[in-house]
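Laid out below as structure tokens are two forms of one and the same protein chain, each shown alone and named structure 1 and structure 2.
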Structure 1
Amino acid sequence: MKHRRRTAAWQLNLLLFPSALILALFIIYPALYSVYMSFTNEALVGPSARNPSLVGFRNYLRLFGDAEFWNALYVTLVFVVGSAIIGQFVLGLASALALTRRIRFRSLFSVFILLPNAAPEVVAGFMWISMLAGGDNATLSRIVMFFGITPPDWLQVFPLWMIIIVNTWRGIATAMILLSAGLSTIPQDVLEAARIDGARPFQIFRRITLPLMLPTIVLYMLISAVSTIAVFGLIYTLTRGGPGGATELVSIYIYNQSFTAFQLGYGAAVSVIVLLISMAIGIAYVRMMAVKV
């Protein structure tokens, strides 16, 4: 019996080894190397590019005194709350609830919700550029002008609102899929008993559906918050962080510091802070809600 167990454990470890190797090479090692690099003055140009040296906590001291870094954190917070926590969650939950009912053109509705995920980030960004940029030639501007309203330059006047809308549009499908899975776990006999007892649809939703979906909601909030912090290609294609840093998320700030200002060590320090924030969000969600995810 022991021999069989050892054989089964060995076979299981063998099957897990390729995944563990990929995880170590592409996630754990880059993260650890970023931590090391954050304590150096490594750069792409200049003397530090040839002979980088350890500088201790100099990058972190500079980071906490950098107004541009704090602006990037603030913009990221607004972006995450607006697009992931509110926009994607509300519309994704509404879509998931709609799919539980018998509605006309249900398949077509699902296609429209899932379609944004079919396009890569950069392609989606260029699609929205045609909608929002180009002055009077932008698609949205033409729609507004049809009603006799003078259109603004959307990406200049409302840059943060525009990227929130675009990211919400792109993430509704993920929210819908996860929340639909949560809805499917709710026992139908519980809902039916509530209806028989005279509970109204809103009462059923607030007192039964939402509490039973809490583990799924917590998991979705965790995934969406962390993934939205890391959004890069879509926003860089649309605004490149402008105008004047109005849409400079921390991901774009790291890119600008590392590959535009050529300061790899400082960019690595920012990425380490972002990693710690993402880990803190995960721990806070799980402990706050006291839900096993």
Structure 2
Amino acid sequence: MKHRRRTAAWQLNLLLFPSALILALFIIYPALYSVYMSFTNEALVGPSARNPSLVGFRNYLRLFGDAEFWNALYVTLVFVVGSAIIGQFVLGLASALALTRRIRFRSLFSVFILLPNAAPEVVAGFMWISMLAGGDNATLSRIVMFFGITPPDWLQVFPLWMIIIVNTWRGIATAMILLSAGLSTIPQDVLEAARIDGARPFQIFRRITLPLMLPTIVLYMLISAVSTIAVFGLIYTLTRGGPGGATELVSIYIYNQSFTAFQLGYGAAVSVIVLLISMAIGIAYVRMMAVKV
């Protein structure tokens, strides 16, 4: 028996090996190389592109005094909380709850809600340019004008709100799928029993549905927060981080530092800090919620 288990462990490792190899080569190694790069003055162009040298902690020291970096962190925080934690979650939960009822056009509704998630980032970006940019001709402007409101220039006046709305739009489906899955694990007889006991729907939701769904919600929050930090193409197509850095998420800040200011070393230092922060959040989160995997 003992012998067999050891063989099994060896076999398991063999099964995991190809995945580990690909991850190591195409993700882990580049990530480590980024860490190394963050201690150099590597650049895409200029004298240090030919002879990069180690500069110690200079990139990091600069970063802590860089108001734009702090701004990017702040924008990202608001963006993640606004779109992933609140927007997608609330609308996703609402749709998931509404779809548990036997109502007509159920599949039509769920198709509509799934569509934004299927739209590739670039296409989604274009569609929202048409929605928001172009002054009075923008679709959203015409909608509010129909209600007699003078439309502002959306991306100039409420840039951060707009990208939160856009990202919420894109992610309702993911939340809905995961939360529907969570909802369907709640035993129907428990709900029925509560109903017979005369509990009101809101009470049922608060006392039964929500507590039973907590593990799902925790998992959803972790996954969506982590993937929202990495959102890039959607917002980049839409605003490129502007106006004046108002929508400059860290992912866009890194891109701008590395590829439009050509400072690879500094861009790498920002990546490292972002990775550290999200790891800290991730670990704290897992500890706090005591999630088991």
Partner chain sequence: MPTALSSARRRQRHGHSFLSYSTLLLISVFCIVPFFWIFLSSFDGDAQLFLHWPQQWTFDNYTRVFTVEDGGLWLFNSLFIVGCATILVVVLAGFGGYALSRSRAWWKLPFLYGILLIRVLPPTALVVPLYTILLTLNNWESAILRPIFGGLTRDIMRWTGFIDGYLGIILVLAAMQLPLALWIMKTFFDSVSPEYEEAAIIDGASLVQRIRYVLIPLALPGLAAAGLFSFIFAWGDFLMPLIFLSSPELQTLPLGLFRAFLRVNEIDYGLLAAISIIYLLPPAAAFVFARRFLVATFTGGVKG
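We call the rigid core whatever largest set of C-alpha positions still superposes within 1.5 Å between the two forms. Counting starts at 1 and follows the sequence of structure 1. None of these values were measured; they are calculated from a predicted model.
Here the form predicted alone appears as structure 1, and structure 2 shows the other form of the same chain. Superposing the two forms on their core, we find that the Cα atom of Leu15 is displaced by 3.2 Å between structure 1 and structure 2.
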